[in-house]
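One chain is shown next in structure tokens, namely the form predicted on its own.
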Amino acid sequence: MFQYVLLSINSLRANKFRTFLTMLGIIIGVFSVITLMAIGEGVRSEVGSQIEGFGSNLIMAIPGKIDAEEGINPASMAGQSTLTLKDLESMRDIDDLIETDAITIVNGVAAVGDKQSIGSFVVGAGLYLENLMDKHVEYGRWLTQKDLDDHANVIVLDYVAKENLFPGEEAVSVLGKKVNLVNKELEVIGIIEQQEETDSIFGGSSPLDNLIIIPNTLSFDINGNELLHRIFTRASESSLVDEKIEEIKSALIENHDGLEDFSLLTQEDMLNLFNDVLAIITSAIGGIAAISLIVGGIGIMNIMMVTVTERTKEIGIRKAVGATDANILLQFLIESSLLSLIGGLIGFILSYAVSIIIDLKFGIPTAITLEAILLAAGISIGVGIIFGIAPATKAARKNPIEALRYE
């Protein structure tokens, strides 16, 4: 077997440029698939840890009907929010629910001069979101009831948003400065502390560490309505979660005139739904990227066909001195597999390097898992074998006498 590998390496080295061009499709395919898997796994791990940080007693109400067991129906999420301030108050009236609060999503980009906080989530919030989302102010203060009553033009920045808007400045010196948001000038009253390192294998910040928080009453003014996009609450005990979900459902259905146009999710439900959505997106994009692997495999088959023709006389000589059809078949299969495996290895190395760059430069978490490594190796060897069978079979079936006469 080792002898076959050496022969294959020598054959590939004889035509270095052609070998590289043949491997290019495999390199691009493996690079694309592994990079997408790394980003998907990194984001899954990161967001999963954020959701788990909310606590097992968390209950979240969202607009649209979703079946947590069957997965998310994108159509159910379309349209305007169905949650109102009346729903929030109804949940606050239920016994054994604590820290009930809501957020309103604001479409806008915060800016300071020519600096913008791209990628930030701008949300209106109340008094309890700080504890519900484990977002604790390190400098300054959180929102107060007076801020809510006055529709105050104030803003709390997560540490990533602070760095985007005031890069390099001390957090404490940012307090009192102005930020523009949707034609409003808001005063910075608090900076949220930086969380511990993320679960990404290369570190980096989470998208949920890039929040910009304003009073929910101010968000109503900006949006032109008092609709809520998420309502969070927490059961006082884990054993009460299921019971409280039923009570919340009854109260909200009554508010909505008997229509269940909302969903109640627990921490486990949120994790499952997020994993389902991410799996669909990753599979779809990964499937597109995998097309280049097929193209690469066809390229290997094409070049191996040419190689068989070029080495017809060599095949005749080997058969004349005792090589069997199986020997010839194995020789060319190993060669095509080695060609694909080297391409896959190069693609994996590139993916690893780019994953580090993506994480450090753009703050997108990545995580290359053992599954991804095994997949890269399996794909590479599999493509080499599958697309190498036809050329290897052609070589093995050559008549030794006719092969010796070939010029």
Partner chain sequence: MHQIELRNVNRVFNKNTDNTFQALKGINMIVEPGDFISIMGPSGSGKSTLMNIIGMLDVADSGSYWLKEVDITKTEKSELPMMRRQEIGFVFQTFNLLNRLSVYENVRMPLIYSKKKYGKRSKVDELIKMVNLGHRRNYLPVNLSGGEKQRVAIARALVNDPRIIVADEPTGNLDTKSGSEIMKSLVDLNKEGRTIILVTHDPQIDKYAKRHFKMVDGILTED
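Numbering follows the first chain given and starts at 1. Note that this is a predicted model, so its numbers are computed, not measured.
One more form of this protein, predicted in complex with the partner chain, exists but is not displayed; see below.
- Taking a 4.5 Å heavy atom cutoff to the partner chain in the predicted bound form, the contact residue among K313, H151, K115, K184 is K313.
- Taking a 4.5 Å heavy atom cutoff to the partner chain in the predicted bound form, the contact residue among K135, K319, R230, R234 is K319.
- In the predicted bound form, N255 stays away from the partner chain, with no heavy atom inside 4.5 Å.
- In the predicted bound form, at least one heavy atom of N327 sits within 4.5 Å of a heavy atom of the partner chain.
- The shortest heavy atom separation between A14 and the partner chain in the predicted bound form is within 4.5 Å.
- With a 4.5 Å cutoff on heavy atoms, Q331 counts as touching the partner chain in the predicted bound form.
- With the partner left out here, the partner chain still marks one of 167-175, 214-222, 293-301, 319-327 in the predicted bound form; by a 4.5 Å heavy atom cut-off that stretch is 319-327.
- If you check the partner chain in the predicted bound form, you find a heavy atom from every one of L7, N10 and I401 within 4.5 Å.
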